[in-house]
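In structure tokens, one chain follows: the form predicted alone.
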Amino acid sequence: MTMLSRVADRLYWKARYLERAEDTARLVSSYHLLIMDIPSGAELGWDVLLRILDAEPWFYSRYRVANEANIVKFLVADTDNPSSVAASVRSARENVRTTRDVLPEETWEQVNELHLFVKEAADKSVGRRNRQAFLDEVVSRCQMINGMLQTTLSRDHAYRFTRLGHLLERSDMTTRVVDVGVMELMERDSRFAAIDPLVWSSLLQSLSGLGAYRRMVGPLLDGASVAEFVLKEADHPRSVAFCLRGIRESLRPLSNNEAAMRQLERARRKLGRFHADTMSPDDIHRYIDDFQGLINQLHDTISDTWFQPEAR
């Protein structure tokens, strides 16, 4: 089958924005719950969320103080922040609106309902009273939409470009969480070591991987094992290894896929060389910076090949 490049582009970005909304909501939710459980003074600080999302420059251009209220508003309700929950849902809705003819009929209804809910409730959910219920609802609705697409979308190009966007965005978020989480935790003051398992637990919860980790690795949480699990556990759906395998499956049936497949294999080989137990926090940081560069290059290759074919 054939598909217009602009349609493929919008399907890809629809999936990325939905995944971004869900992942950002998970991240804020996990940290919100974490600060309820650990002693005052042992927190990482709310600005850790800005570092995970590489959003510090944009945040400080709009807000003077990096306190809880401002950071939660920036990540949840600020529609001028393209990575916020509200902006991501709005962008996903626009991309669905213009591709309704290639998606199941329920997609528009569910995404539009999510948009209306976020538009109505986001500003009211910055404070702690309503925050958790709002974030849980966003995650639940995003999962419902993705589940509906997974079970009703024909395995054609619409499915493939949707899956590419979904898995690339997930890979990017997972590496960001590991990068900042590992750096922050491994360099913390030793007097906070007793509560580090709580923080590792929160990191896994932000990636929806705590239960899977305990079943597949064990009950003890340490930095090297957590990093290995969320990056390289091939059977866990939110790991980077799983995402790269899914990207390869989606790329194979596409024409002109040679450049994208080569870039993907570079990322897969790079991932195979990750061994957290032999690496320092600085080594891990440099490794993930390099790996994220490969993910960004894969995105650029996909864009140049299928979304902007006239540029080739």
Partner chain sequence: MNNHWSSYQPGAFYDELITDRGSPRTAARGAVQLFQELDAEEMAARREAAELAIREMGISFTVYTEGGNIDRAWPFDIIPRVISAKQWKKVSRGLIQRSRALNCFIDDIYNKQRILADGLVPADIVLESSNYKPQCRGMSPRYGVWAHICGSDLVRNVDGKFYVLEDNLRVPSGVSYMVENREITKRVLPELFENYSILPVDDYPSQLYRTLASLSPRDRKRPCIVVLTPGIYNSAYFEHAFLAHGMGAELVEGPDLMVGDDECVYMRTVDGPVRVDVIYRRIDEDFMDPEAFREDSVLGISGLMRAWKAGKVAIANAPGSGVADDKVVYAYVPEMIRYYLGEKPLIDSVPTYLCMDEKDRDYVLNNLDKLVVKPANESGGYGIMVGPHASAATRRKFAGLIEKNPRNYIAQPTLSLSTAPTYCDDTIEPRHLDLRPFILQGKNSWVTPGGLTRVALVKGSLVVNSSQGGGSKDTWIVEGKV
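Residue numbers count along the first chain shown, from 1. What you are looking at is a predicted structure, and each value in this text was computed from that prediction instead of being measured.
The same protein also has a form predicted together with its partner chain, omitted here; what follows describes it.
Colleague: Would you please decide whether N112 lies within 4.5 angstroms of its partner chain in the model of the complex, comparing each non-hydrogen atom pair?
Modeller: Answer yes; at least one heavy atom of N112 falls within 4.5 Å of its partner chain in the model of the complex.
Colleague: Could you confirm whether L103 comes within 4.5 Å of its partner chain in the model of the complex, counting heavy atoms only?
Modeller: Close contact exists here: in the model of the complex, L103 approaches its partner chain to within 4.5 Å, heavy atoms only.
Colleague: Is R97 a contact residue for its partner chain in the model of the complex, using a 4.5 Å heavy atom cut-off?
Modeller: R97: contacts its partner chain in the model of the complex.
Colleague: Can you tell me if H157 lies within 4.5 angstroms of its partner chain in the model of the complex, counting non-hydrogen atoms only?
Modeller: Result yes; H157 sits at the interface with its partner chain in the model of the complex.
Colleague: Can you confirm whether T2, R10 and W306, the three residues that make up this candidate site, all sit within 4.5 Å of its partner chain in the model of the complex, judged by heavy atoms?
Modeller: Answer is yes for this spot.
Colleague: So if I measure heavy atom distances to its partner chain in the model of the complex, which of the stretches 113-121, 228-236, 201-209, 76-84 falls within 4.5 Å?
Modeller: That would be stretch 113-121.
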